[in-house]
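In the form predicted on its own, a lone chain appears below as structure tokens.
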């Protein structure tokens, strides 16, 4: 059965889901949404996602939203297919979940602020809050220092295997490195830089960027 993915392919959350589907070898169909024309606030879309954000997946009669929940769902449902993304033991699964939480709570928020103020606002003609940009960069630097320490001890965040913990970082880091001129935050940290080169070179991610 083909999974329907509602959401534009340029958003971090939609890209996160697509990367997971590709890693697992799951067939999908992208259902585009015009965010500029507020298609995500349309009554029909709100029946699928009452908070009006992207993405949403339809898997037969089953509907699910929140990108990281979708990652977990497909990694578990198709555990024996494609890339193993959850770890092979309960302990490994616990560490994967830990770094997924870190990504959502500590890593993504400051990058999201940087993206909004340095990429989105300029296109809208809205002035960026440079004080907030500076504060967000400082927060992210502290997080990345912790990542550098972690990645000096293991190839990937959850251990020596690629997992959802790494995959979930791909969209925001792509913007950080290649869109908003903050690549030095990754490149100035030897182990973080090597990790980024590794995960961003995966065929699944290259395919997502071509969509």
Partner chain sequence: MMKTTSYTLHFYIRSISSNILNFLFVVSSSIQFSLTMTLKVYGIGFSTCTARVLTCLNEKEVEYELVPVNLGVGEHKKPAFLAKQPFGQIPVLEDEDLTLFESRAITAYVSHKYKDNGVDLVRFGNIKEAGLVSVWIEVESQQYNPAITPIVSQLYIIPMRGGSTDHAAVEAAAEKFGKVLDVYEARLTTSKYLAGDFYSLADLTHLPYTYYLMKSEWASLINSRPHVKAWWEDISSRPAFTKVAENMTLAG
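The structure displayed is predicted, hence computed values, not measured ones. Numbering follows the first chain given and starts at 1.
Form predicted in complex with the partner chain: not shown, discussed below.
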How about residue 94 - does it come within 4.5 Å of the partner chain in the model of the complex, if we only consider non-hydrogen atoms?
yes
is_contact(residue 68, the partner chain) in the model of the complex, heavy atom dist at most 4.5 Å:
yes
Distance check, residue 35 to the partner chain in the model of the complex, heavy atom within 4.5 Å
no
Residue 90 within 4.5 Å of the partner chain in the model of the complex, heavy atoms:
yes
If the cut-off is 4.5 angstroms on heavy atoms, which of these, 170, 64, 186, 151, is the one near the partner chain in the model of the complex?
64
Which residue among 84, 101, 129, 137 has a heavy atom within 4.5 angstroms of the partner chain in the model of the complex?
101
So, 51, 72 and 76: all three within 4.5 Å of the partner chain in the model of the complex by heavy atoms, or not?
yes
Only one of 143 to 151, 176 to 184, 23 to 31, 159 to 167 has residues with a heavy atom within 4.5 Å of the partner chain in the model of the complex, and that stretch is 143 to 151
For a quick check, can you give me the residues of 106 to 132 that have a heavy atom within 4.5 Å of the partner chain in the model of the complex?
106, 108
